[in-house]
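Only one chain comes next, encoded as structure tokens, the form predicted on its own.
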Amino acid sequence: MSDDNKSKTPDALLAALRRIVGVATEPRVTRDDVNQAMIRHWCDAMEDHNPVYTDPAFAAESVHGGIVAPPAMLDTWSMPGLAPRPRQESSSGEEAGMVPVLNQLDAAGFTSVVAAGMSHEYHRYLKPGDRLTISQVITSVSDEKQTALGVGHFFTTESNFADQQGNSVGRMEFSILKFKPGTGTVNMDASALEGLEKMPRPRPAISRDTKFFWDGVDQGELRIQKCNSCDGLHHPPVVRCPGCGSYELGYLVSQGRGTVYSFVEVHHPQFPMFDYPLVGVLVELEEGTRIISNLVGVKPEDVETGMPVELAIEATDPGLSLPLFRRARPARRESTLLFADLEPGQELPPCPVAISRTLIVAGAMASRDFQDVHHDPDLAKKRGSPDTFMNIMTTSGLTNRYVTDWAGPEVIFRKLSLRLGVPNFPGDTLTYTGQVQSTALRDGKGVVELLVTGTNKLGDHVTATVELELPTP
């Protein structure tokens, strides 16, 4: 197959791909039931603490009557994992679905892949013990296109999910770009890695009196000097308590939460060891003292006095970690909003997500997506990316979390549609914002549509529309 596909002209390849369009696969039973362990893995990766997913007592008293899976997990249950791609056939025995399209494009040299968009419809929430069947059809294959990532083909699948009784539980449309690495119109490596290869920051002068502070940073702690005689707090550390004169000094471990007391954007001169824009910030910690640091993951025009912030210890280069701060994640709502509480134009609070390599890998594993571009930096570079990047299912899970944290644990997702833009690379911050687009009563149910955007330093990573059902009085 490989040699045949490599020798095909673009028109012949396209014709072969389009013969599969519209041919539905025979329903396939998923490898495993919906189960609590996988739900927990997902919630751990997404840091999603909604109790209807993991707390049996809370879930039993909820609108669901028991534990449910996060709706964004819909297609996770059908993922093959590390097993070989299953052969997909129609009822007449001809090849159908995504697998033959992937195989033919791989063989023709379109070996790199990136998701372009995904749309879910939820007909009911899934519960532990559900065993799903999935049928799939390719709905379109594009002409060969020149994209920024490379020459490739877009194709879209439609997947339908049913339970043991044959009742529909959900539907998914999924758009993918398969492209030839190294044929892009932009130098992805240069643009995405800009600023990462830079001079190291100046090293702190560590003395006997400050060593405890830097030892704490290396262990992921923000240690604030404390007088053992009068309990006074001091930062920067001092040799002798300025309050009572004692030399008996220890420390407490700060919770790392506070507010912006004052700030300044550093414009000039610019130095090669710093990332710009550069925001200097004086943070008033909850413990009652203040610390000077940098604010990361926030545009300078969005910074304001009194903004809640939280600690973000980051390795600014391989030999130095610093106690930086980022906008604080909003508190999770413990009771669900009512439909009457909302109106068009209402804003959702900004929510930052630190894009660590751990999050990228954990999200891929929790969604059973073993594509090498999501966990292996070397292979990701061979595929045309400067580094590993987040998969679309992790983005959907984080979007799910953002909305339920804002709306409350018993909000019902009806639809979730994502369109991806720039990638999420390790070391960046993804900031979610949202707005209520419309509210309507339909068949006595309160239906709300949201527009949600997730932005990183490269631009918009995701634009999502979300349709929710909220309780009515």
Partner chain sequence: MSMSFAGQTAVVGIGATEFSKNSGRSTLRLAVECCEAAIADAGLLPEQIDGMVGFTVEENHEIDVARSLGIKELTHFSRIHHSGGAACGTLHQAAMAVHTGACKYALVYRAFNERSETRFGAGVQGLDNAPTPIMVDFGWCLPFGLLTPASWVAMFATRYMHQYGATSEDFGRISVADRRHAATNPEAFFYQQAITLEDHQASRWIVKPLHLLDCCQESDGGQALLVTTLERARDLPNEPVVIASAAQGSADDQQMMKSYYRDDITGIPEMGLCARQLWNDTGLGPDDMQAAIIYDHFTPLVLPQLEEFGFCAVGEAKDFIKDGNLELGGRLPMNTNGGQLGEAYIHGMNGVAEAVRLVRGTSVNQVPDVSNVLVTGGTAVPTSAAILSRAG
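Since we're looking at a predicted model, the values are computed, not measured. Residue numbers count along the first chain shown, from 1.
FYI, the form predicted in complex with its partner chain isn't displayed, but the following is about it.
A.B. asks: Using a 4.5 angstroms cut-off on non-hydrogen atoms, would residue 333 count as touching its partner chain in the model of the complex?
C.D. replies: Close contact is absent here: in the model of the complex, residue 333 is far from its partner chain, nothing within 4.5 Å, heavy atoms only.
A.B. asks: Given that the partner is absent here, does residue 266 sit within 4.5 Å of its partner chain in the model of the complex, heavy atoms only?
C.D. replies: Contact check for residue 266: yes, within 4.5 Å of its partner chain in the model of the complex.
A.B. asks: Is residue 210 close to its partner chain in the model of the complex, meaning a heavy atom pair under 4.5 Å apart or at it?
C.D. replies: Answer yes; at least one heavy atom of residue 210 falls within 4.5 Å of its partner chain in the model of the complex.
A.B. asks: Report yes if any heavy atom of residue 71 sits within 4.5 Å of a heavy atom of its partner chain in the model of the complex; otherwise report no.
C.D. replies: Residue 71 lies outside the contact set for its partner chain.
A.B. asks: Which one, 176-184, 377-385, 316-324, 357-365, holds residues whose non-hydrogen atoms are within 4.5 Å of its partner chain in the model of the complex?
C.D. replies: Looking at the partner contacts, the answer comes out as 316-324.
A.B. asks: In the model of the complex, which of the listed residues (128, 237, 232, 109) lies with a heavy atom within 4.5 Å of its partner chain?
C.D. replies: That would be 237.
A.B. asks: Scan 294, 371, 90, 159 and let me know which has any heavy atom within 4.5 Å of its partner chain in the model of the complex.
C.D. replies: Filtering the options by heavy-atom distance leaves 294.
A.B. asks: What residues, if any, in 257-284 have a non-hydrogen atom within 4.5 angstroms of its partner chain in the model of the complex?
C.D. replies: In sequence order, 261, 262, 263, 264, 265, 266, 267, 268, 269, 271, 274, 278, 280, 281, 282 come within 4.5 Å of the partner.
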